[in-house]
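Encoded as structure tokens, the following chain is the form predicted on its own, with no partner shown.
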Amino acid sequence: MNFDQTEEQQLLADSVRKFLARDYDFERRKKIVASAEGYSEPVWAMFAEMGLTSLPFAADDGGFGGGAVDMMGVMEAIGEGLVVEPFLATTALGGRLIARTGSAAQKKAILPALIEGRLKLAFAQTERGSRYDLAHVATQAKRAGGGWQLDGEKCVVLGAPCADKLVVSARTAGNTADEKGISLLLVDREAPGVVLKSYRTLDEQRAADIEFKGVKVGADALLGAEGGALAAIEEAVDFATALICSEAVGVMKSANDTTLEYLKTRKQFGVPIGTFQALQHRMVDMFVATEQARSMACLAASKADTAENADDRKRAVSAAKIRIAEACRHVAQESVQLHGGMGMTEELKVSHSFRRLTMIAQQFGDLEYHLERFSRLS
């Protein structure tokens, strides 16, 4: 496998890094996190202007026709900057589901606005007790008055407080854990009966628990075939998982760079602590873990784009997530420990990198989940 980026991919990633270094430094990020919205509208507009929101969509829909491999460099840069804007929720989850399941009219109504930065999406999937089981859907969608009525609850919906519309998984047939009978509906976040309980997650992104109380939507809200959405959901979640693997590499690189700089400047017994061989060995282990994670992130992105079948894609994504989860834990803990007590303070970026790496290790399936899925598919 060729791990080298094309010139276009490298130039785009470098542009994102330059923008974040200039306009999204750690102090500005803290102000964005503390704001009522939890994200920056000017930053989101710049993402759209740079073409990031159009990258994963087909040319027929107004995008650049890129895949997970094309987005790897961008996601690494987003990881390095600890970006809190809902990029993944909008493009890799909500947007991808609409692109893959929506009708021509639905895509025309949603995707141009998304690509231009005028609309944000969130994918409401997780429910209490579902853990990582994508087929566990208890939220009900029943036919009513020529449309649909939605009742149920979703939890930890990433990006929901920032979203304009929600892509909601709901059961139109069968029992809670059945693989068949799951449908996707497009719901306005401000629709009557949609109740959000918004909060900030451990890694300072915005999420919400959502209750749907007799929410009425039209017949045109249904995305794709009724009752057959699970395959599309699994594909979108695997695509997003491949992307956060690349994001994790960027966060780990930032943690490594910050820790190495600290070891060069912090003195003990009159010399920089980076001269101590034991600490040098630990830094090397962190670097090796990051490079191994980068290799597995490349594999996941490649298979997300080119896998011949769903099982092949799932195996590669799970293999990558297993290695990424291990590396996240190792690099996060080492970076904090090598900073000493300072590593846990709010003032240092490394403590926020620790939080994001901890969340990535759990997001879309933890180590144990992906070990089980990989072994089952092998």
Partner chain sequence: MDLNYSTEELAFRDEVRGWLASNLPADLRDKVAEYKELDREDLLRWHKILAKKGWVAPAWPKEFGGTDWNVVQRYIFEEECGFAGTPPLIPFGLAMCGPVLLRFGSDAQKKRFLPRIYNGDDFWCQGYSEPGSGSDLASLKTKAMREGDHYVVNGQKTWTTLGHYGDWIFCLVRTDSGASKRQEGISFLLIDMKTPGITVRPLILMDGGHEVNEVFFDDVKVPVENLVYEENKGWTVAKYLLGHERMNTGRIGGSKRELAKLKEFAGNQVFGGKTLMQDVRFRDKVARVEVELMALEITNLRFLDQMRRTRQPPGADVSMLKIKGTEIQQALTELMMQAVGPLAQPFRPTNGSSDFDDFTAGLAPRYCNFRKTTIYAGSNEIQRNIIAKMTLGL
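Source: prediction; values computed, not measured. Numbering follows the first chain given and starts at 1.
Same protein, other form: the form predicted together with the partner chain, not shown, and the subject of what follows.
Practice task
Consider the chain as shown here, without its partner, and state which of 43, 336, 55, 69 has a heavy atom within 4.5 Å of the partner chain in the model of the complex.
Solution key: Filtering the options by heavy-atom distance leaves 336.
Practice task
Check each of 144, 225, 288, 202 and return the one that places a heavy atom within 4.5 angstroms of the partner chain in the model of the complex.
Solution key: So the residue touching the partner chain in the model of the complex, by this definition, is 202.
Problem - Partner-facing stretch of 247-255, 154-162, 211-219, 294-302, counted where any non-hydrogen atom is within 4.5 angstroms of the partner chain in the model of the complex - result: That would be stretch 154-162.
Practice task
Look up in the model of the complex whether residue 17 has a non-hydrogen atom within 4.5 angstroms of the partner chain, and give yes or no.
Solution key: Contact check for residue 17: no, nothing within 4.5 Å of the partner chain in the model of the complex.
Handout entry: in the model of the complex, residue 35 touching the partner chain (heavy atom, 4.5 Å)
Key = Outside the cut-off, so no.
Practice task
Report yes if any heavy atom of residue 25 sits within 4.5 Å of a heavy atom of the partner chain in the model of the complex; otherwise report no.
Solution key: Heavy-atom contact with the partner chain at 4.5 Å: absent for residue 25.
Exercise for the section: Report yes if any heavy atom of residue 8 sits within 4.5 Å of a heavy atom of the partner chain in the model of the complex; otherwise report no. Expected result: Close contact is absent here: in the model of the complex, residue 8 is far from the partner chain, nothing within 4.5 Å, heavy atoms only.
Exercise for the section: Scan 258-288 and write down, in order along the chain, each residue with a heavy atom lying within 4.5 Å of the partner chain in the model of the complex. Expected result: Contacting residues: 266, 267, 268, 269, 270, 279, 282.
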